[in-house]
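Just one chain is shown here, as structure tokens, and it is the form predicted alone.
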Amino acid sequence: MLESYPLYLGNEPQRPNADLEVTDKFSGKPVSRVPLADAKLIDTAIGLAEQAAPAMREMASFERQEILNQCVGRFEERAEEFAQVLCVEAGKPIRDSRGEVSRLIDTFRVAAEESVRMTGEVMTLDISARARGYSGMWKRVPVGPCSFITPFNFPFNLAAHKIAPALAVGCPFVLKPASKTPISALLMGEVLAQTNLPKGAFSILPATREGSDLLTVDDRLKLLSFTGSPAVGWPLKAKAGRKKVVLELGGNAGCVIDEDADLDDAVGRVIVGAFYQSGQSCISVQRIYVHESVYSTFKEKLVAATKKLKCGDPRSEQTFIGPMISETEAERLEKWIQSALASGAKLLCGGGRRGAVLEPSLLEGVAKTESLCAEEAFGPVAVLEAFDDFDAVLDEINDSAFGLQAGLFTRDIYKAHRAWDRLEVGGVVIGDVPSWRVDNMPYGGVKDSGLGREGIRFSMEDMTEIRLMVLRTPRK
């Protein structure tokens, strides 16, 4: 990792200051510095994006595809470097860091494929006598300059889910990465700066919270795409004015283990779903509902598997649980566990904390009003509960302010369809945990979990408008 990195303003590296310190999330020690953009710089970036909009709109499909493919090639060449940086600045175990970089590459590759598939439609308009001789065609055109705000937990891939579709359709953008993990996005900027994108096509600007407001209220920006917490996202939407808004927010995902499930398989997947990346994922398994006929067996197997997980230095190939993003966040979740225990819950394993590293923890008997059930934990903690009525457990999952994804382990196709019909979520994953995602699928939630869908083709739809042409053939 370098001692400092530049921000990117209108495709160009700039070093106006070195005001933002980046730390090693495991040791807590400073490792690098990056600039912080002020209001004037952000205003300049928005102006450059506005100026670049015509040139971006006029790029041919093959030109956009070539740029995306060029990025794929550079990302592949630098994959291990990117993973090592991610491991340090996010505290993500190195194996998971490599996995995220592979998803970054997948996301840009899919965008390259989709960039030449922006299709429209020929419409029949002569649906009544007055429309005789009329026909129509519509196509998609880019909305124009976009603003993107991304979180700390997937600093490569969640930024890619905004950048790649923007490039695929021809939208210039200004991106604000999370202040705790800015370097990943800046490395992507370094690659983008080596392409033939029109001048001003992109800016990547670490900034303070006030920067989020500037990227929200400016009417020169035609779309805001935000990934983060509901507490921040919904107020941003309220201030966004006339622009489109896409929100990918939080969750407290439910996962059902039915009586006919393969328990060993389910345990293995729940371990990943609950504790991958120290649980710092909005679709992390948080509420586990197990049929009473298999509850004791499943609990015993899950607790035993959880106790085997190795915590510690994310640089180690054997580490499964690394640090949370900060000691403050680990302390918060530790307090939530203590609150649940004080109200009568039972700790099955874990609960200990060393600095920012919180042991993977399982509890049962947690009151529904406790934060561990009602809020988003965003850490390596999950709660177990037995059930005996399938329809009732679907209601239990729906009894939440969130609705991102849900998982269901069952071999009953009728129950699978019932869950798909009734669960108030953006996605229902059958035979796996709600934490599963592949980068071309429509991804997003309802209720407090957000608005709109990501996934390259679906993001491309949000970043474009439909433009109709009506053709009249005069009667002879």
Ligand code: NAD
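If you're wondering where the values come from, they're calculated on a predicted model, not measured in any experiment. From 1 onward, residues are counted along the sequence shown.
What follows is about the form predicted in complex with nicotinamide-adenine-dinucleotide (NAD), which we do not show.
Trainee: Answer with yes or no whether K335 is in contact with nicotinamide-adenine-dinucleotide (NAD) in the predicted complex, where contact means some heavy atom within 4.5 Å.
Mentor: Contact with nicotinamide-adenine-dinucleotide (NAD), no.
Trainee: Even though the partner isn't displayed, in the predicted complex is P198 close enough to nicotinamide-adenine-dinucleotide (NAD), meaning a heavy atom within 4.5 Å?
Mentor: Flag for P198 set to no.
Trainee: When the contact criterion is heavy atoms within 4.5 Å, does S361 count as touching nicotinamide-adenine-dinucleotide (NAD) in the predicted complex?
Mentor: Heavy-atom contact with nicotinamide-adenine-dinucleotide (NAD) at 4.5 Å: absent for S361.
Trainee: Looking in the predicted complex, any heavy atom of S326 within 4.5 Å of nicotinamide-adenine-dinucleotide (NAD)?
Mentor: Close contact is absent here: in the predicted complex, S326 is far from nicotinamide-adenine-dinucleotide (NAD), nothing within 4.5 Å, heavy atoms only.
Trainee: Please tell me whether the candidate spot formed by D258, S296 and F387 is one where all three residues come within 4.5 Å of nicotinamide-adenine-dinucleotide (NAD) in the predicted complex (heavy atoms).
Mentor: No residue of the spot touches nicotinamide-adenine-dinucleotide (NAD) in the predicted complex.
Trainee: Only one of 107 to 115, 122 to 130, 173 to 181, 74 to 82 gets a heavy atom within 4.5 Å of nicotinamide-adenine-dinucleotide (NAD) in the predicted complex; which is it?
Mentor: Result for this chain: 173 to 181.
Trainee: Could you check which residue among S225, N153, S97, S400 gets a heavy atom within 4.5 Å of nicotinamide-adenine-dinucleotide (NAD) in the predicted complex?
Mentor: By the 4.5 Å heavy-atom cutoff, the listed residue in contact is N153.
Trainee: Are there residues in 390 to 409 with a heavy atom within 4.5 Å of nicotinamide-adenine-dinucleotide (NAD) in the predicted complex, and which are they, in order?
Mentor: Residue within 4.5 Å: L404 only.
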